[in-house]
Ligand SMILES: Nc1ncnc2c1ncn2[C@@H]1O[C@H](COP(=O)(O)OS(=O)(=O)O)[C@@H](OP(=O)(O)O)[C@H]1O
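A single chain comes next, written as structure tokens; it is the form predicted on its own.
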């Protein structure tokens, strides 16, 4: 018998088909591409662009979008500190399962707190690629496609990341994307940089014996 969290009398059950077999079947390595940044920085657009680029190369990926997940898996969570931590914990565990299945999981969330992102990295230390969308607040606020910054500035939304709640940028991410000489690269160009990284690190092919 064993105890995990608040559960008792549970056991881990191994199956004969494991991660290595699934990776050979897909000819790729399971991993998590975790995209973090302010609201309006282009995370979801980038995630979909990466997904499309991988599809064109015959690679299987899946996008876990923060807003989409709050329509289902995390619809019971709000935006207070504890809920945000639980939101990221759940997504991290789901992303780990996708990577174990051999997929390239693309997680797109603000994930403002460094500690929570690091906890997700600890689940897959060799297969976690953190992508920081380093876009200035003024650029994100000017886009404001969802009208959230306007509501936050008017005090109608509280605890909004970048306005009255902090965003803690990564200290050591694998990929940083942002403005260069005042120009923002296209989503296709940024996706290409991420996919090139995955190619260089060997995630787009399985180890041949």
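Positions refer to the first chain, counted from 1. Computed from a predicted model, the values in this text were never measured in an experiment.
The next section is about a form of this same protein that is not shown, the form predicted together with the ligand.
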item: Any non-hydrogen atom of residue 92 within 4.5 angstroms of the ligand in the predicted complex; value: no
item: 4.5 angstroms heavy atom contact with the ligand in the predicted complex for residue 63; value: no
item: Exercise: residue 56 in contact with the ligand in the predicted complex, heavy atom 4.5 Å; value: no
item: In the predicted complex, residue 151 touching the ligand (heavy atom, 4.5 Å); value: no
item: Candidate from 172, 146, 156, 180 lying within 4.5 Å of the ligand in the predicted complex - any heavy atom; value: 146
item: Output flag, 102, 127 and 201 jointly within 4.5 Å of the ligand in the predicted complex, heavy atom basis; value: no
item: Within 4.5 Å of the ligand in the predicted complex: residues from 56-77 (heavy atom criterion); value: 66, 67, 70
